[in-house]
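Coming up is one lone chain in structure tokens, specifically the form predicted alone.
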């Protein structure tokens, strides 16, 4: 039996509707009706952000997690967990918008072209001018053979290949340009023709792209291969976020009917959008892009290529491929030159992907004599330890708490997010800094780290994360979700509601920081080192740029080492991808990094669990590991 589901949206006069069979989820109906309902947990019913209000009719709620009795009485239901069994009318609240201005070429720092870069020596892409003799009644040679002959006689190209898609355009291109064209090919054995264009100046830009597909953010650099310069940058939130904030949620969503195709389309749509933005800034067209290098964690690469990622989350956690073959742009829906070479960089294992091999390349970890620890702080906490002689890696699931998920008033680093907090040790009153400078709407990851550190050193929190209800301030109280601290009162916020951090929030954050700390301590122990023997702490990832070292140490996220040992490199994944795009030797080097790196599975025994349990305290059960924090607490 079929039922009609009618959706009403804010600021929209005309409702949208869909007809679905009995047993369909509200999210299925919404997708059919063209209504966007975010599912940051991948439709598992864990995050509560897909809550809608049922105005007429009834739905069967498979789960009411994160819905209070009052919310249920008002008709609220989790769209991803609500089964349609009759005609219903639903109100969809305003969905969260990502408003923070991400880095573009207008505010990004200039990227240094690698020393010694020369297009003629570093690149496998070539562009040559070709003039052909037109056919005639006396010369009946076909167009493809005519082009092959010209390339062989003028440019010594004995073996060349071409795709069917380019063959279909070849005749028109040759005739439209009076048999004078530029041929762009990938130098190999045999060389492969990528495009045939109107005759171009040898020094005219030849565009390529370096792309980092992050779980949260996608970064796009438009590069001129002739000069090696990054001519435009753009970044945007990964369109897949609406279907899962972490890789596990997305893998689960991809396993649902049509989920894999939707996630592939969402990431491609985001890349194409960024491409258009970057190209407009230099008056180029996306189809001028002839090559792209792409990094991302193993799940992101699988989803981009449309490869099932289910095995990544199931024991023994094996990818389908760690070194994907190059593909043509048109095969995955990118709006570049149809035959543009798309090179997805190599990864190591299910949870140590190309974003980490690219990061190691950018950081120079594989060439240093000193022992260095590289940490990509994020949802999946990848860690690499070593030097030029050896490399070991691991990954620990920190979860999305540092991205604001799983926290009552957590949010991503967008306009209105509290990003820094200071608490007066006498009055327990907070001072906050808000992204955009307006009234706060929530707290982002860097703000949460600062908040917990301040609450700990001022005595509001004990080392187990319990709130001290005897502190003489109204900000510490019992709330709907248990004990909590009020960061901003309702009349100070954009939402008109108090912004708080609860004991449950604190537990989630402690688990996240404990996973990362346990990860690098266990990794060091596996090779017989202590953290004091690490000479450099390299922090990668965009989130790492916003970390306050002192406060990250105070909560036990980072080890208590001299500050001069810490080096923040920002998005090392995009930087390494850029190097691999430009230089064939660097591309070979990144493959060698992936080959050399030994992956250690932390779940193989109880060592990680024991270290994780010890790190579930502020800053740790063994305070002697954090002497600077111990000193601060005494003061």
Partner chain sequence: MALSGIQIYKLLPQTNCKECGFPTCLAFAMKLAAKQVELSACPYVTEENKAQLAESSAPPIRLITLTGGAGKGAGGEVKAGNEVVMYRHEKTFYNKPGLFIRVQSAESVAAAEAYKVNYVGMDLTIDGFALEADSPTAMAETVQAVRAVTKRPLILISQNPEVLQAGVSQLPGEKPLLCGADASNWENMAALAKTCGCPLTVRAESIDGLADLTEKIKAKGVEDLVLDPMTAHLGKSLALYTQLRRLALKNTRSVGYPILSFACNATDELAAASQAIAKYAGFIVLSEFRPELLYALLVLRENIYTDPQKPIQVQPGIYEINAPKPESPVLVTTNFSITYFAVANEVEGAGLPAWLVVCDAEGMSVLTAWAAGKFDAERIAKAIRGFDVASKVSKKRVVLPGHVAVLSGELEAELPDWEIRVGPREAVDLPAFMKQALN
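These figures come from a predicted structure and were not determined experimentally. Numbering follows the first chain given and starts at 1.
What follows is about the form predicted in complex with its partner chain, which we do not show.
- Contact residue in the predicted bound form, from 266, 511, 146, 192 (heavy atom within 4.5 Å of its partner chain): Selected residue: 511.
- Selected contact from 389, 429, 491, 533, since only one has a non-hydrogen atom within 4.5 angstroms of its partner chain in the predicted bound form: Contact with its partner chain in the predicted bound form is made by 389 alone.
- Query: Each of 44, 317 and 600 near its partner chain in the predicted bound form, meaning some heavy atom within 4.5 Å?
  - Reply: Yes: 44, 317 and 600 each sit within 4.5 Å of its partner chain in the predicted bound form.
- Query: Hey, in the predicted bound form, is residue 537 touching its partner chain, heavy atoms inside 4.5 Å?
  - Reply: It does not: once its partner chain is placed as it appears in the predicted bound form, residue 537 has no heavy atom within 4.5 Å of it.
- Item | Non-hydrogen atom contact residue 66 with its partner chain in the predicted bound form at 4.5 angstroms | Flag for residue 66 set to yes.
- Report whether the minimum heavy atom distance between residue 313 and its partner chain in the predicted bound form is within 4.5 Å. Result yes; residue 313 sits at the interface with its partner chain in the predicted bound form.
- Do residue 526 and its partner chain come within 4.5 Å of each other in the predicted bound form, heavy atoms counted? Contact with its partner chain, yes.
- With the partner removed from view, which of 567-575, 56-64, 581-589, 26-34 is the stretch that lies within 4.5 Å of its partner chain in the predicted bound form, judged by heavy atom distances? After filtering at 4.5 Å, what remains is 56-64.
- Query: Is any part of 224-249 within 4.5 angstroms of its partner chain in the predicted bound form by a non-hydrogen atom, and which residues would that be?
  - Reply: Only a single residue, 248, comes within 4.5 Å of the partner.
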